[in-house]
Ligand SMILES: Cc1ncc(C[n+]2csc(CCOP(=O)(O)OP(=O)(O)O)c2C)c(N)n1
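Only one chain is given next, in structure tokens, and it is the form predicted on its own.
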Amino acid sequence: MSRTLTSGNEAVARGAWEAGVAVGVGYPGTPSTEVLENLVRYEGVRCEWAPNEKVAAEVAAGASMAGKRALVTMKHVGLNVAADPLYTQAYAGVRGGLVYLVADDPGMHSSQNEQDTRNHAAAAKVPLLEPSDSDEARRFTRVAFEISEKHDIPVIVRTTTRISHGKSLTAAEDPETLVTRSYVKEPDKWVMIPGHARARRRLLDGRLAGLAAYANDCDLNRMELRDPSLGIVCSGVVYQYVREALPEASVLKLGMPYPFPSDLVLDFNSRVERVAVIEELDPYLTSRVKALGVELVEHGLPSIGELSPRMIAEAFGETPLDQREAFNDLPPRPPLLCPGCPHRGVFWALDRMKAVVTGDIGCYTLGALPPLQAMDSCICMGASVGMAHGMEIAAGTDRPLVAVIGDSTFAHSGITGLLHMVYNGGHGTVVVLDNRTTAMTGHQGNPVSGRTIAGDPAPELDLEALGVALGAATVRVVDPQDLEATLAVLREETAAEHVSVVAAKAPCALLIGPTELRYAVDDELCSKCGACVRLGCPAISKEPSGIASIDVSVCVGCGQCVQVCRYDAIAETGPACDIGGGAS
């Protein structure tokens, strides 16, 4: 059997294909995005980006109902959006196998909160598998489809950032040959009116009992008996940390932590002298082990952020294998909007207006950071519109009030917020930052950009027509690279007594690349006012003397800095233009 170095996301895609999955659908969200991007490369799989995770889950449920195996992908906060269908799918069950790939983000590398999907599994009453490396990600995904069909239930495969993006050797197997399952009319299974749902709820308890028995006996959960003086209960990537930090300890590795394998845990407890539970985020395993009456070793490891082999070794009084000092002397690299980013023009204008800006999830969230500092809130996908309306009706500010939301996020969950604003007589201004892509997660297509996951052309959502259809009194389109025009439109619309939509339409700078133009600063004309520096462009800095400087190797020629310089100190440079020896 061949083995290759593979990321966890690539391995999940491979496992789904090997399992004979027919449909893959999801919403891009780091650290889960690459699963669907890899799955679409396999023949015979129909993959789609959905507007949001709820729609993705419903599409996958329909495919399952038709008898096909389906994979739905999302990050942890996406499961909040998809919880509505998931919790009822647990009652209805499946026909073709139905698997949720949910990627958690301990440490919040690219998320607005930490969340432990194991809690969702227990609340929804669906089994959860948790791989600890890439090959397990592949194999567990295959097994998840088998469990789903055998026990008539959706299954969650939970990964975390280190599993999703880390790489390890992964095997490859041939895809399964599946018995064709066709649709069968079963209203008592699929139509969840109360009478049917009550019966399905009782059946669900029976399925969970069978799954609990399976969890106690399956090879997804295993004991590794070594030194009996200490036994560690763990799951996921923490298993890898434990093996490195405490190589002599006995380990109970839980690859299927829900339903919880109580009998297996008690058996493990009887074979070791002391038991400790090590896990990231919530005390999910800890509370269940304690409930069995097992006395646990206290170790003081945090329940916030990621763990590491070093942290575990030190918590148990061991010397870490890796004694190298952390790279604490590296210069800070604060996140910034890219050179030439069209969002910068909108935030420049909002800063000039001293507007209160309710923001959203995406690259543009960086507009909250210095030097722009032009965003005042960011809670969840789509929240910007509802929060702006809430501030307005609460008379929360006498400053201009604007909701800012990206094109993909608007399609995800901003449309209903705008509808609410119109329906309830609001006077808000909603700025849709249409950069023609879902940029933050790696330039995926979306309903506004008009590209499918396979790169095929698709109908573009017409933001102007949609705004009018939803009842906005005015819908205007601006080029955010034209700073003064953008400022003028925003001033007019925030002064109006009606709901307005402003579509700030310009492609992501990374999609179009640099122009032939480059700019430089004339030292003699520079007044040291700092207006160009306050744009927050990575190409612009300030010399010790206070004079601005443009790094031509970073500059993409967007010309935003030229527009804000009142002293004509920034000019085009290059072979055809020489502004003198004072240029920097």
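Throughout, we count residues from 1 along the sequence that is shown. Computed from a predicted model, the values in this text were never measured in an experiment.
The same protein also exists as the form predicted together with the ligand; that form is not shown, yet it is the one meant from here on.
Here the chain stands by itself, but in the predicted bound form one stretch of 301-309, 128-136, 480-488, 408-416, 408-416, has heavy atoms within 4.5 Å of the ligand.
Proximity of Arg162 to the ligand in the predicted bound form falls outside the 4.5 Å heavy atom cutoff. The ligand in the predicted bound form comes within 4.5 Å of no heavy atom belonging to His120. Taking non-hydrogen atoms only, Val499 never approaches the ligand to within 4.5 angstroms in the predicted bound form. In the predicted bound form, the ligand lies within 4.5 Å of some heavy atom of Thr437. Among Ile361, Val143, Leu86, Val357, the residue placing a heavy atom within 4.5 Å of the ligand in the predicted bound form is Ile361. Screening Val81, Ala313, Leu372, Ala509 for any heavy atom within 4.5 Å of the ligand in the predicted bound form leaves a single hit, Val81.
Along 22-48, these residues reach a heavy atom to within 4.5 Å of the ligand in the predicted bound form: Tyr27, Pro28, Gly29.
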